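Coming up are structure 1 and structure 2: the same protein chain in two forms, each one given alone as C-alpha cells.
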Structure 1
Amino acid sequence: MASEQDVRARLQRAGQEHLLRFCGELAPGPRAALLAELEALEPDALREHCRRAAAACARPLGPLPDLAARLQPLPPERVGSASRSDPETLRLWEEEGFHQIAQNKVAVLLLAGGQGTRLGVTYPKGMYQVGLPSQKTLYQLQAERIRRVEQLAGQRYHTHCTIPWYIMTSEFTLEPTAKFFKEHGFFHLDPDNVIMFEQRMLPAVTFNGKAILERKDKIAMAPDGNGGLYCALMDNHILEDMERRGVEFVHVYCVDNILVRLPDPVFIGFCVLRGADCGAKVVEKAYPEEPVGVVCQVDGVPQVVEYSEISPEIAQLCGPEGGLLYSEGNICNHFFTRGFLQMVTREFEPLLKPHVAVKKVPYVDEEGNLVKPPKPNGIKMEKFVFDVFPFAKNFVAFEVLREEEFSPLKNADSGDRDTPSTARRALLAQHYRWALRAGAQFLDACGARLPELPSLPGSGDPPVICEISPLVSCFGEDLETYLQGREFQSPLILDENRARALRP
C-alpha cells in the first residue's frame, strides 16, 4: 500500500489534497482504508473527472437551441409495433424469438446498480414488494418470468434451454442482492446461470470541482450510471462468458419496471429478423411534456433526446396522422447483439459523454461534522445505456402498449406517479384483463356478475383483485385452460397449485 506521502503527492497532482485533511485524526484501520481508496484513483483521471463535472454543471439547462433543424422522427421502416402489426407477423416474430431462446442464444441483463433512496428504503429496488397479494418482490417476478420463458421455449422445440441472467450491481447493491438471492434459493434458477457483477464507482463532486468526503475516512462515491454497463462488461469479462455459453442476443432492462417482459420473444424475433444490432422498446408518450426521453434521429443518427432538451414547441408538434410527431418514449428496454456490445467496448466506450445529475450528497464539514444537506449540493456523473445507439449499423425501435409493458417504480407512495401503488395497480389491472380475455367471469360479494369489461379507476386497485403467477402465464398465454367459462370471486390468486386444481 502506498504511504500517506505518496497519496498526498498524487492528490496534489489532481488538485484534491483536501481529501486527506482528517487523515491525521484517524485510527490505523480507517486511515489505511482511506489511503487504499485514494490510491486507487488515478490522478489525471480524477482531476479531469472533477473538472468535467463542474464544467458540465455550469452549462445552462434547457432546450438545445439548434435542435429543431437537426431533429427527425425515426423512419417508419425502422419501427415495429406490438399493437398495429397483423397477427401473422406477430406470430412469426414470436416464433423466431422462441427459436433463438431454445438454442440457448439469448440472455437477459438486468441493470440493478441503484438504491431505493427515492422509494424511502436503504436496500436494492429489486427486493421491494409493492403490496401484491402474493407479496412477491420485483426480483422474484423477474426470476419466475425467466423460468416460464425457458419452459415455453423448451416445450415448443422439445429441448432443455437456459436463459442466463446477468445482473449488474454496484458497490451499494452487490452484497445485499447476492445475499437475497441465496436466502431465496435463487428462486429455483440454477445459481450458475445467475451472474452478478459490479459497475464502477465515481467520486461525487462539488459545484466548484472538489471531490466530496462523506466521512472523514471515505469519499462520496456513486455508480457511474446504467451506461457504466460497457466498462463493467469489460472489467468483469462478461462478454467472454456470453461467448463461452453461446449467447448471441442480449435483452437489457431496468430493475424497476414491474411489467417488464423478459426475455420477450416477440421483441427478440423482430430484432433478429430485421437484422438489427441494436434495438429499443418504446411507448407512446402520454402527453407532450411527459418527462421521458424521446427515441428519434439527430442529424440522421438514432439516439435518445432527453425531454429537457426539447422545446415545448417541438414536443407539441403533430405528425400527418394527428399524433405527436416525437412520440416514441424510451423505457430502458433494449436489444443488443453480442457482436455490437463487443464493438462498443473495444471502440466506442471512451466516446460516451457523462451526464450531470445534481443530488443531495451527505458530507463532512471543515470541523468534521456530518451534514445532510437540505438541497442539492453535489454532482454525480453518469453515463446512459442508450448513448450507444448512434454507433449501431442497424437500429430499430419496437412500439409496445404502456398498460401491458411499462409501469416503473421510482417514488414513494407520497409521490403522484411511478409509486408502489401505481405499479401494483398496473400489474393487477393487466392480470384482470388477461383473465377476462381468457373467458373468466367475476362475481361481486352478492354473487352478481360484474360487467364483462368494467372500467378501471384511476386510483385504487381494480374492482377485481386478480394476480397470476408468471409460472402459470408470462404474457397472458394459455389461461383459457384454467379460466374459460368459470366464475370467480375476488381475489383470484392463480398460482401453480390453483392452476393444477383448475386444470380439466
Structure 2
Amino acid sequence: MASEQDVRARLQRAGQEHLLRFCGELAPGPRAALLAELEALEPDALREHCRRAAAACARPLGPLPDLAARLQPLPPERVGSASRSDPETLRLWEEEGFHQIAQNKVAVLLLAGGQGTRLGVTYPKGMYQVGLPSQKTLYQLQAERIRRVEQLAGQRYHTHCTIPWYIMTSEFTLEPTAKFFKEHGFFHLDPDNVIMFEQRMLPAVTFNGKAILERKDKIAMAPDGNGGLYCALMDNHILEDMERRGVEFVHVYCVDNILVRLPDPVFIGFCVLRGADCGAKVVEKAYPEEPVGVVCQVDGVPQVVEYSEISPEIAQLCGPEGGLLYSEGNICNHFFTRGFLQMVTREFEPLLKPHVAVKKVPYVDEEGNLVKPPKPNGIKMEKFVFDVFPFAKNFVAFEVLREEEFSPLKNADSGDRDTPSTARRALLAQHYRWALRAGAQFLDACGARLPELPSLPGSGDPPVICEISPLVSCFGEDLETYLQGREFQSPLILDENRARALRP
C-alpha cells in the first residue's frame, strides 16, 4: 500500500490535496481505506477530470444554443418499423434474428450500474418487483426471456443455443446483484453464461473543481454513466470474451424497461439484413416533454439528443403530418456488432464528451460535519451509451410499438408516470391482449362472459388479471395451444405448470 506521503504527492500533482484534510485523525482502518481509494486515482486523469467538470459547469447548462439549425429528423431510409411492415417482411427479419441467435452469435448486455435514485431504492433496480401476481423482479423477467429465446431458437434450428448475458454493474450494484443471482440459482441460467463486470467510478466535483469528500474517509464517487460501458468493456476484456464465444452481435439494453424484448430476433434480423453496425429501437414520443432522448441527425450525422439537452421549443416542433417533428424516442435498446464495439473501444472512446449533471452531493465541511446540501453543490460527469452512434458507418433505427415494448420504471409510486404501478399495468395489459388474441375468453365470478377490451384506455387496469410467464411465451407466441377457445376466470396465471395442465 502507498504511504500517506506518496498519496499526498500524487494529490498535489492533481491539485486535490484537500482530500487528505482529515487523514491524520482517522483510525487505522478508515485511514487505510481512504489511502487505497486515493491511490487508485491517477493524478493526471484526476486533475483533468476536475478541470473539465469545472469548465463544463462554467458554460451554460441545458440545451445547446445552436442546436435548432443543426438538427434534422432521421431520413426515412434509415428507419425500419415493426408496426408498418408487412407480415412477410417481419417474418424474414425474425427468421434471420433467430438464425443468428441459434448459432450463438448473439449476446445481450444489460446496463445496470445506476443507483435508482429517482425510484428511491437503495438496492439495484433490477431487484425491484413491481407487484405482479408472480412477484417476479425485473432481473427474473429478463432471465426468463433469455431462457425462452434460447429455447425457441434452439428448437427452430436444432441447436443447443446459448445467449451470454453480460451485466455491467457498478461499485453500488455489483455485490448485491451477484448475491441476488446466487441466491436465486441464476434463475436456471448457466452461471458461466452470466458475466458481470464493473464500470468505473468518477469523483463528484465542486463548481470550482475540487473533488468532494463525502465522509472524512471517503470521496464522493459516482458511476461514469451508461457510456462508461466502453471503458468497462476494455478494463474487463469483455470483447475478448465475446470473441472466444463467437458472439458477433450485441443487444444492449437498460435495466428499467419491464417490457424489454431480449434479445429481440426481429430487431436483430432487421439490423443484420440491413448490414448495420449500430442500431437503436425507438418509440413514438408520447408528448413533447417526455424524458426520452430523441434519435435524429445533428449536422447530418445520426445521434441521440438527450431530453436534458433539447429545448422545449425544439421538442414541441411539429412535422408536416402534424405529429412531433422529433418523435423518435430512444428506449435505450441498442444493437452493436462486435466489430463496431472493437473500433469504438480502440479508437473513439476518448472522443466521447462527458455530460454534466449538477446534483446535491452530501459532503463533510471544513470542521468535519456531515452536510446534506439543500441545493445542488456538485458536478457529476457521465458519458452516454448512445454517444458512439456518430461513429457508425451504417446506423439504423427501428420503430416499435410502445404498448408492446416500452414501459420504464423510473419513479416511485408517488410520481405521476413511469412508476411501479404503470409498469405493472403495462405488463398485465399486454398479457391480457396476448390472451385475447390467442382466443381466450374471460368470465366474471358468476360465470358470465366479460366483454373484450383489447385496447385499454390510457394507463387503465385490464378487466382481468392475466400474467404469462416468459418461460411459456415471451413475445405472445404459441399461446393458442393453451388458450384457444377456453374460458378463464381472473386471475389467469399462465406459468409452466398451468401450461402443462392446459396442453391438449
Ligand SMILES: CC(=O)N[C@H]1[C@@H](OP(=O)(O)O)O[C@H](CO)[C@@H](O)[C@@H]1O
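By rigid core we mean the largest C-alpha set that fits within 1.5 Å across both forms. Numbering runs along the sequence of structure 1, starting at 1. It should be emphasised that the depicted structure is a prediction, and the values quoted were computed from it without experimental measurement.
Only structure 1 matches the form predicted alone. With the core held fixed between structures 1 and 2, E309 has its Cα displaced by at least 2 Å. Comparing the forms between structures 1 and 2, the C-alpha position of C318 differs by 2 angstroms or more, with the core used for superposition.
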